[in-house]
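The form predicted alone is given below as one chain in structure tokens.
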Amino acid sequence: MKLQVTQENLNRALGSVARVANSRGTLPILANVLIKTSNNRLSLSATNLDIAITHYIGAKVKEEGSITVPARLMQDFINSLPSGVIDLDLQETKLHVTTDKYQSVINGIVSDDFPVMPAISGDKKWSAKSGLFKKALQQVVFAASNDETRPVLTGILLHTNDGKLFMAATDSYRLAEKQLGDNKQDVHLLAPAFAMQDLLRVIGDDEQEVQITHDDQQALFKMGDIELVTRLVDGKYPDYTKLIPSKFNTKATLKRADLINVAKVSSLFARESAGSVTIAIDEKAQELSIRSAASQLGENTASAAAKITGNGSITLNSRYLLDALNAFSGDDITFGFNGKLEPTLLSDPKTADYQHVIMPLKS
């Protein structure tokens, strides 16, 4: 293998794939990145057997070939080099990396042993705008569970209902759902949240298409020169729609920034009580207040003006509340519930494409 590539392109590609490499695995080659020429381009790939990312970049290829080299060393080294042209020359299993001022040799492992994800056999293909898809992921991925004893809740559900595409995640204490628009295909796949976190790192904010291909075991997300393949979570996702209330006895609409401010202040006094804060809604005063107390620290009550129907109070986890509020982008927020032990729904009064449910704490 012999080629020339720019430092900027090589560094960007290594940044996309190197984090997936697993230096703690039982297979030493999983700590490596696969460097391979293909159709006068250079591809860089890394995998941990659950997900794999490949990034293609332009290169001036003089001789075809492939090798795997330590991902972290290669990434740190290329990142340290000045911008300009880099010569890569593979001699047996040693990769010679040369620029005007640097000459280095990196010991590699032959690519024959590098694991390849199985080919996706299904013909289910659809696409979405990458900016919209990225925003949706940011709004739901944090609500997925980290508890491996309930593996289905560690996934992000993508599914269609009545010609609409939805993305949802829940850890059973909170639920986030985003509507991505129309999709006439029958979509149902459960992607691991950790894979979607990696997808967030490489997906763009532009109008480029994300092309999704999947079968029952795997899904491929393709964005321009980058491909991510992930194994899907096996299992039946709960019917989360039953958790989402549609009518409320108590409801408040207020500035989102105001609710964030009072929730932040109250959360400072809620650390001792595992983040527990009590939200009271007063129709007569047209005011929402949040109270928190800690025997060692003191107590706090903060309030904000709101448009209110009904009276009531509910106790929530302040971190969950702040996570949800920060996931919205509109100026206003609607906060509704039916009783102390009923789910709370947060939504944007101007659009119905995103909603967030938080389960109450026993007060």
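Owing to the predicted nature of the structure, the values given are computational and were not obtained by experimental measurement. The first residue of the sequence shown is number 1, and the count goes up from there.
Just so you know, the form predicted in complex with another copy of the chain exists too; it's not on screen, but the next bit is about it.
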Single option in 109, 105, 132, 293 placed near another copy of the chain in the predicted complex, where near means a heavy atom within 4.5 Å: 105
Contact residue in the predicted complex, from 73, 232, 85, 200 (heavy atom within 4.5 Å of another copy of the chain): 73
4.5 Å heavy atom contact, residue 287 and another copy of the chain in the predicted complex: yes
Contact test in the predicted complex: residue 101 vs another copy of the chain, heavy atoms, 4.5 Å: yes
Residue 302, heavy atom within 4.5 angstroms of another copy of the chain in the predicted complex: yes
Partner contact for residue 297 in the predicted complex: another copy of the chain, 4.5 angstroms, heavy atom: yes
Interface stretch in the predicted complex with another copy of the chain - options 64-72, 51-59, 320-328, 22-30, non-hydrogen atom within 4.5 Å: 64-72
Contacts with another copy of the chain in the predicted complex, stretch 228-264 (heavy atom within 4.5 Å): 261, 262
